[in-house]
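Next up is one chain by itself, shown in structure tokens, the form predicted alone.
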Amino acid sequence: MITQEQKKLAQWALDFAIKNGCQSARVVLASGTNSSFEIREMKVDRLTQASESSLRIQLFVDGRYGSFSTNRLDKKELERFIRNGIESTRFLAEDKARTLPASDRYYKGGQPDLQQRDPAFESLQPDDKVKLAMSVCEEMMNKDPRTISPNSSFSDELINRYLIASNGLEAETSRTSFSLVASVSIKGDGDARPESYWYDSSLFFDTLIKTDIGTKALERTIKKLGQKKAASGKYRMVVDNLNSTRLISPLIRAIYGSSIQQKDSFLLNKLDQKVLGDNITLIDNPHQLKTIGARYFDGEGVATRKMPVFENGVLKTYYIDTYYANKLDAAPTVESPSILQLQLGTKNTDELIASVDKGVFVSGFNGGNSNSSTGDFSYGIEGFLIEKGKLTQPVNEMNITGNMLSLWNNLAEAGNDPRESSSWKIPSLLFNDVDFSGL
């Protein structure tokens, strides 16, 4: 946690900035520690550990704005650092839209602990972390003669943040995270070297999945052997829960205040209009205990709340921070999503596949892009043909093309299996009439 001495230092820095020419200011003090252990073929390939503290101060000076960071937290050095920051800010162009949020929008405290921090974090030993990464790598070693260079990694992080602002904000948060990753490639036909990965992440070490990470990575890779293009055409498409967020990301980017203000959004002027299918309800639900992404306030200190993003296909909100609210002369919301939850269906990935007579199961995206202004997209994919509810031929070097609004209006069914390791709870998805190009 942030110590009382660190809090006093942050308050001193804020007061010093105001006394030396700022009309308003915000200070973000962060401290934390992290480690990572990478294993290649059962040998430690890289080990990193770091602990650091930093102070970021945002200065509002004569209608101008500057943001400056340092990890040198000695008062004498901070005096010079802040004075230089104030003088530098005076050289910047005036931007009256840069202001602090209204004080009544700040998080005021008093809510239950969201339990984002593992109290056992400091007691974990480096040797145990290495052993865990080794065990993941061992799951892939010598299991198939075609295996090439199995890799695994373990990483963890503790980050504490303390925010104060000259118009009344004081907020604090502490979060831990842990992750295990496995990746592997194998020798295929000719020059083919299919590869894949699997991972898990968690706020708490005890709930981190520690077995079968390597096994699943290897299984996913072996299934890619014999990949080829399939015939072009319209197919039903199932996207697994590891990749489904890729298809919702363009929708979210299109409702950021920056995209709206720059008129670079295919959802411009669509608020309270029906843009997606009736079966699509997406909720931002930030106050969930022990859940990745939970928070009581955003990066500005503005209080978060549960709110609909899309409701039965109707766009209900934009993500507009203070700056873009001022630029747009619009009501601010919060700067970004917290925990996004798509309304779930009743089937898991396997059951969605079983419901498809002819289609493509997408287990990975390989490049591509989505036009933020129009919503038109083209993505490279890999996966498997679905024939009579079964996965058959592995496919790759195929593209899906279309428009995001049309795609989501063709959502036939959402699964019931979002990954808990992501703050975006997007399950596997089944779409109708998707254009695939291949042979």
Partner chain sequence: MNYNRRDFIKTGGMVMLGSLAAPALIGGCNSGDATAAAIGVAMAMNHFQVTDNDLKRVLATALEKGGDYAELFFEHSFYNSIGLQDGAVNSASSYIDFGMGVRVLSGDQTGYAYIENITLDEMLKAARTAARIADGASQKEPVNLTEKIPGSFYAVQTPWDTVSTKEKAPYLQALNDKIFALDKRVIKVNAGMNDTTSHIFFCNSEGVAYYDYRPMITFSASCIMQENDRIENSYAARAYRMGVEFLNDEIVDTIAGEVVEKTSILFKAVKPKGGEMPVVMGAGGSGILLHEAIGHTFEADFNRKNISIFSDKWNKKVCNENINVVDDGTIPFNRGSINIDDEGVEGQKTYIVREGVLTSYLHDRISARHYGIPSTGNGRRQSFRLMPIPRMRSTYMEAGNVSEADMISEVKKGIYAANFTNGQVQIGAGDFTFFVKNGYLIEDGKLTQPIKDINIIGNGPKALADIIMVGNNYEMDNGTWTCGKDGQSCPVTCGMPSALVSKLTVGGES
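Quantities reported herein were computed from a predicted structural model and do not represent experimental measurements. Residue numbers count along the first chain shown, from 1. Just so we're on the same page, rigid core means the largest C-alpha set that superposes within 1.5 Å between forms.
The same protein has a further form, the form predicted in complex with its partner chain, not shown here; the description that follows concerns it.
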Of 364 to 372, 165 to 173, 343 to 351, 292 to 300, which is the one stretch near its partner chain in the model of the complex, taking non-hydrogen atoms within 4.5 angstroms as near? 364 to 372
Find the only residue in Lys306, Lys108, Lys229, Lys210 having a heavy atom within 4.5 Å of its partner chain in the model of the complex. Lys229
Among the candidates Asn84, Thr215, Gln115, Ser336, the residue which, in the model of the complex, approaches its partner chain to within 4.5 Å (heavy atoms): Asn84
Hey, in the model of the complex, does Ala93 get a heavy atom within 4.5 angstroms of its partner chain? yes
Close approach of Asp74 to its partner chain in the model of the complex, 4.5 Å, heavy atom: yes
Does its partner chain get within 4.5 angstroms of any non-hydrogen atom of Arg98 in the model of the complex? yes
So, in the model of the complex, is Ile386 in contact with its partner chain at a 4.5 angstroms heavy atom limit? no
Does anything in 184 to 198 come within 4.5 Å of its partner chain in the model of the complex by heavy atoms, and if so which residues, in order? Ser185, Lys187, Asp191, Ala192, Arg193, Pro194
I want to check Leu114: does it shift between this form and the one not shown by 2 Å or more at the Cα, with the core superposed? no
How about Leu78 - superposed on the rigid core, does its CA move between this form and the one not shown by 2 Å or more? yes
